[in-house]
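Shown next as C-alpha cells: one chain only, the form predicted alone.
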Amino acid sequence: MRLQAVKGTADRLPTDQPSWRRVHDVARRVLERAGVRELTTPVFEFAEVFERSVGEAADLVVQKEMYTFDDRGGRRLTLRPEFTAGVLRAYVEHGMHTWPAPVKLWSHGPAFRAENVQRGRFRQFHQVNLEVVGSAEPVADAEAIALFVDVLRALGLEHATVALGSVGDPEDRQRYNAYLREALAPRAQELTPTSQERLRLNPMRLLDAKDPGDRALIDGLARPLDHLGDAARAHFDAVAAFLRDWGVPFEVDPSIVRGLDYYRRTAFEIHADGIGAQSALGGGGRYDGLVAQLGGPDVPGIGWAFGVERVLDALAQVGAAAPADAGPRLYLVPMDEEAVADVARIARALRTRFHVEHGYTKRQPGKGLRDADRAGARYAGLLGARERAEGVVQIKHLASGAQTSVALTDLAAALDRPDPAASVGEVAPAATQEV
C-alpha cells in the first residue's frame, strides 16, 4: 500500500504557506484593531463540552460526524467539530465573565468532522473564529458582522455580501417548529428519511434540505422571519439599521436557520459573489444561553466562523493574486571546498537580520547562480579563493545582472540599504567584474 494522506485531509506545502499566513495575518490585524484578543484552545475536549452545546435536538450532521473516542484512561474525548463550545468552555473555566464586557476573542486552527468529502468539504478543515461574549445589544451583532466583512474585504473579496436573518427567541422557534410539524404532518412520509428525522427533532432545519422532493414540500411554507415576536423583530431591525448606517452590504434572507439549539435572534451567512454555487464562506449568529448551558453565568454572546479553505478557493476564483513565497535576500555560493565553511559562517551571522541561504557543496559560478535563482533569491553572493584573499564577496543582483565586490565588513550594511539593487547598479564599471 502506498502511504498517502487520509481522505478528507490535505498537506499544506511550502508553496501554500504564504496564502495561509496571509489569511491569518489579515484576520489578526483587522480583528485586533477592534479590540479582539486571540485565544488558543485544545484541538480536543471532553466529549461533554460538545454534547452539552449541541443540545438534544441538534442537527444530525453535528451529532453523527463528531470524532469521539475513548483515550487510554477511559475518558471520552472529541476532536473539535467547531470552535464556539471550546472557546466558551475556556471563558467559563478562566473566569472571563469578570473581565470588562463584552469579551471579544478570536481563534484559528483545524476542526474535524466526518464529512462526505467534496469540493469545499473536508474532514480536517480550518477556520477563523470570532466570539463576542457579554453583550445582548444589537450593536454587538452588527459589529461582529461588519468585522467579518472587513476581514474578507482586506483579503481581496470586495463583493462579499451578508445574508441576514433571525431565528427569533426560544418561544418564536417553538411556535415556528409547531407550525412546520402541523403543516407537514399530512405529507411527512413523502420526505426523505433525514428530513423526517429533522421534522421530529428540529423542524426548522428542514429549510436546509437539498433534496428536490423535500424542497417542493417546503418552499411554499412561511419562514422563521415571519414568526418573530416583537422583541426579536425590534432586535433584527436595529441590527439592520446599524449595517445600513455603516455601509455594510446585506440582504434579508428569511430562510436562514441554525441547527443548534443555542442560537437566538440574529443569524447570518456571508457569500462571495461571482464564485458559483458554493458561495457561502461562513456564518454565525447569536447564542444567548449557551454559556449557562456550559456551566457558566447566564451571559449573552454572538459569534461567527469562516472556512479558510473556502476563502482561499474564493480568492483564487476571483483572481486575487496569492502572495509570493518570499525568497532569501541573499544566496551564498561557495566556489571551492574551503568556501563551504565560509558561506555557512557568513550566513549564520547575517541571519540575525536577513533571510540568507547558502550552498552546501562547492559549485561552479553558473550552477551556483542557477541555484540562487531557483531559491528565489534577490542577490547571489559568490565566494572563492580570490574573494577570500581580498576579504570580499561578489554580489550579483539576479534581476538586473548588476554585479560588484562588497567587503565582508560592509555586507550587512549593503543588504540593509533601502534600495540595495540601485546601489549595486551604481557601482563604477572599473569595480565590476563578471563571473
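A residue's number is simply how far along the shown sequence it sits, counting from 1. Owing to the predicted nature of the structure, the values given are computational and were not obtained by experimental measurement.
Heads up, the form predicted together with a small molecule isn't pictured, but that's what we're talking about next.
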{"property": "Interface stretch in the predicted bound form with the small molecule - options 340 to 348, 202 to 210, 95 to 103, 110 to 118, non-hydrogen atom within 4.5 Å", "result": "110 to 118"}
{"property": "Position in contact with the small molecule when the complex is considered in the predicted bound form, options Gly284, Gly359, Gly86, Gly168, heavy atoms within 4.5 Å", "result": "Gly284"}
{"property": "The small molecule: the contacting residue among Ala232, Met335, Ala140, Leu130 in the predicted bound form [heavy atom, 4.5 Å]", "result": "Leu130"}
{"property": "In the predicted bound form, Tyr262 touching the small molecule (heavy atom, 4.5 Å)", "result": "yes"}
{"property": "The small molecule contact at Phe122 in the predicted bound form, heavy atom, 4.5 Å", "result": "yes"}
{"property": "Non-hydrogen atom contact Arg258 with the small molecule in the predicted bound form at 4.5 angstroms", "result": "yes"}
{"property": "Contact of Pro224 with the small molecule in the predicted bound form (heavy atom, 4.5 Å)", "result": "no"}
